[in-house]
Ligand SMILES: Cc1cc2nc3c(=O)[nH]c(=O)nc-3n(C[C@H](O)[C@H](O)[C@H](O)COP(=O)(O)OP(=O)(O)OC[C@H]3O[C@@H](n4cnc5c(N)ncnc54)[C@H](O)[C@@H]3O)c2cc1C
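Just the one chain here, laid out as structure tokens, in the form predicted alone.
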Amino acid sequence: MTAKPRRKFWGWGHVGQGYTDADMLPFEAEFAEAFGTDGFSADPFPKAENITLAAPRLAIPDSLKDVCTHDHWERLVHTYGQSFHEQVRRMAGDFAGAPDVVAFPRNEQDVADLLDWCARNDAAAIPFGGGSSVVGGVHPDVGDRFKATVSIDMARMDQVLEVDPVSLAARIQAGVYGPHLEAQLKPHGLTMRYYPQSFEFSTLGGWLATRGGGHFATGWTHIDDQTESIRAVTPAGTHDSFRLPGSGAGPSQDRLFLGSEGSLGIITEAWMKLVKRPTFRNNAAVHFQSYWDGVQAVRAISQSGLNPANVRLLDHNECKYSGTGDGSTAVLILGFESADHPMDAWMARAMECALDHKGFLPDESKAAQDDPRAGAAGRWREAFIKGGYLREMLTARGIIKETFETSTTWDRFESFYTAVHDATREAVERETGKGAAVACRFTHVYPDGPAPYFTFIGQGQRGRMREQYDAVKNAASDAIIKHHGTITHHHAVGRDHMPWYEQQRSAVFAGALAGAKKAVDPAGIMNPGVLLPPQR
């Protein structure tokens, strides 16, 4: 029997996956030239045997021994998500705050028993899907407010339980990872077509709890759009809702759990809308000398009713640092797909919109229309898929390459982009010096506005990388809120975005959310410090 691959506790993916030192040579050369350095030395990744964890403060009762463990490796894996802060702490071998117990429930009764056990023993319950949070959403950071912490990993609840081929929907357990979900739907000729960058190591429950953004850049953008009903276990009981295509019966029950980030309960399953697997595709990459011409082209396409599956505008720096191009142009990546009909007419009209705004097609773009892996679109796709694996290698070399995302309306976009871009650039240049850069791409677009996704790059100073990151992230977040963007479009709030989320939401809503929290989680054990300040 082949041994089950182990998750890394120091980075992204399974042990043995990812970039090698040889793979990193082109990246090192590029950043060495940008930063004006001779090269980079890589810090070694921590070894499990060299990390000492505090002794577990909670004994596992006989009734839960089949689902709970004190295993050293599992406690390491479940200490952190994938934020920059967490990556730096991992590299330093700092695993303070590791969970005392890691639990793997098999069914809803196990989940209910675990929550009851946590409440009786004053232990914080931290739901864990794939651990891909980049905003501190799964770190058991509860200080001394609780006697212990339990990380509840949903990976054993990973089945598609029922498929409705008539209504195009499926009842799916929340612990299923993206690839296993799609493998179970494929024999039915159906798909969720939900592919976040974290697809390989994120779960349905995580997508729901964080209101994640998926494959479609228009139309179905957030996971909300594909949700028919949700089932969740809370300390106060089990929530269930009718499965419906839509309803006007009061405030939406399911919306309470969409985006709740494990602070109200644990999502165990959901009915999700599906589509037939696409068989018709058209792809293109349109170049623009001016980024703002590209912006106007995207606005025209987003308001045309064409609803492309992919419409991602990459600015000049995004093209350069993702390997999509040489940075001399901005690039618009367009894609249409359907299971019902050819998309030639849709693509032709979208191309008219792009060319009307001074877009042009290099020779390679014409070939890429038939092959999504060719040309600029293919290069961007490859970089996007591998992005998660790059973080640990860059951090080990003292290179900061981090992201944040937001959204705003078209009428404000130029002033918003300029303010956020400039605040970020000034901060990263001040903190990291020569070679600092800021890039931007659109991940999703709407008729009333885009969702820009920024990347900032700079040379880190070992021992100060967290402080450098904070200075840039804080400056960017302040600018976003000042200019009325959202602190997060699809990365969620977690603990990292809390100060700005509290500025974005109204006091009335904060009170309503606190009331809901008290009703479903009277002891305040569910992921304390996420969405709301700890209740104690």
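The first residue of the shown sequence is 1; numbering continues from there. Here the structure is a predicted model, which is why all the values come from computation and not from measurement.
Missing here is the form predicted in complex with this ligand; even so, the following discussion is about that form.
In the model of the complex, this ligand sits within 4.5 Å of a heavy atom belonging to Trp12. When contacts are judged by a 4.5 Å heavy atom cut-off, Gln197 counts as touching this ligand in the model of the complex. In the model of the complex, no heavy atom of Asp315 sits within 4.5 Å of this ligand. Residue contact with this ligand in the model of the complex: Tyr291 places no heavy atom within 4.5 Å of it. Checking Pro99, Gly206, Gly458, Pro450 for any heavy atom within 4.5 Å of this ligand in the model of the complex turns up a single hit: Gly206. With the partner omitted from this view, the residue of Ala174, Ala123, Ala284, Met272 that lies near this ligand in the model of the complex is Ala174 [heavy atom within 4.5 Å].
With this ligand left out of view, the stretch that reaches within 4.5 Å of it through heavy atoms in the model of the complex is, among 324-332, 257-265, 275-283, 425-433, 257-265.
For the partner-free chain shown, Pro127, Phe128, Gly129, Gly130, Gly131, Ser132, Ser133, Val134, Gly137, Val138, Met154 of 127-158 come within 4.5 angstroms of this ligand in the model of the complex, judged by any non-hydrogen atom.
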